[in-house]
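Just the one chain here, the form predicted alone, laid out as structure tokens.
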């Protein structure tokens, strides 16, 4: 097909996620059809090349068409592409489970994650986790523990249970009548915290904040108030992605997890975004020195190649389903533990643990840190924050007052659209620009990404 024919048939037949129909179908817009990729680059059907500035929606770790990833999938394809996991097993799943249990282990910390349940994506990983927690408590004589608490702005997916745990009205307000009630506490967001008495500076707001850590205190108070009703404290450690790359003050997850355990509740960590080195260590939880009772992984699990998710949990939760067959976990998916996905994930973890790839990952973080400071040259940049390989630039109408732009202006989206002209594909969250490249991205490529954003900001907002 020609590029124009692809777009015509797409507009005629397809429906895209998180994409306004009015913009996609606008004849004046110019959608991009991707035909191939290599490393940190994507090639469109018309031959234009773009740097993948958001790792294909936060999934790609090692770059596109990585030879070791490709080889692992081809080898598995020669064996079998899929087999049911209901009452059956296979070597790729067993191998991957062992790797995950090792990769996510935090030495000398309890509890230990000992079991892996596979599903399809981040939403299903969360869905499985909350059902494990509820059923486990019910079967252990604590059926009153049905309450969940999470921060304002939380986003855990778009299935019913995952939406119920979220507090993201812009995504889920239409479905509120059919969601189960959960409790929210204030977002631990230093830049826009009402308790932060510090005046704006040209630095990450977490560094110069002046407060008494009220966000953690309020969460602790809500957790203790729930006491024996609380099933779980649910948190995206260090970074709330869809909330606008909200980066927590360090120590927040540690304090809140401790509070949950003090009242006998579970800790569920959503590391769908933050897992596999995105914030630096293997898991963001590791930086907070905590091991959750339930851990949700997806996105980067297969290196961005195939849909696969994992919900990891403790032996305590697993054994609560033993004995009477009625205690079985009646939950699953047709493509649970898909062998191709498991093979890709195993290859990805092998790469994550190889010295050469660790060095690339370290250099990427250093390069992002170097370029992060350059964005303060724009007067409409209000906050620049970074956790590991995630860089977020928040745009504001007035830096001195932290006043945001009107949402109707869609400043972030307009700037990212403009960045395409300079060879960069990335996607904002509101007016927060995001750079989250694959780990293979070179210093020169990071510089090109940063330059593209600088040019786009300058053209839309001036110098």
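Residue numbers count along the first chain shown, from 1. Since the model is a prediction, treat every value here as computed from it, not as a measurement.
There is also a form predicted together with a small molecule; it is not shown, and the following applies to it.
Colleague: Just one of 110-118, 215-223, 185-193, 264-272 has heavy atoms within 4.5 Å of the small molecule in the model of the complex; which?
Modeller: Heavy atoms within 4.5 Å of the small molecule in the model of the complex occur in 264-272.
Colleague: If the cut-off is 4.5 angstroms on heavy atoms, which of these, 135, 152, 146, 123, is the one near the small molecule in the model of the complex?
Modeller: In short, 123.
Colleague: Is residue 238 close to the small molecule in the model of the complex, meaning a heavy atom pair under 4.5 Å apart or at it?
Modeller: No, residue 238 stays farther than 4.5 Å from the small molecule in the model of the complex.
Colleague: I'd like to know whether residue 304 contacts the small molecule in the model of the complex, with contact meaning heavy atoms within 4.5 angstroms.
Modeller: Because no heavy atom of residue 304 falls inside 4.5 Å of the small molecule in the model of the complex, the answer is no.
Colleague: Test of understanding: in the model of the complex, would residue 157 fall inside 4.5 Å of the small molecule by heavy atoms?
Modeller: Because a heavy atom of residue 157 falls inside 4.5 Å of the small molecule in the model of the complex, the answer is yes.
Colleague: Spell out, yes or no, whether the shortest heavy atom distance between residue 299 and the small molecule in the model of the complex is within 4.5 Å.
Modeller: Yes, residue 299 sits close enough to the small molecule in the model of the complex that at least one of its heavy atoms falls within 4.5 Å.
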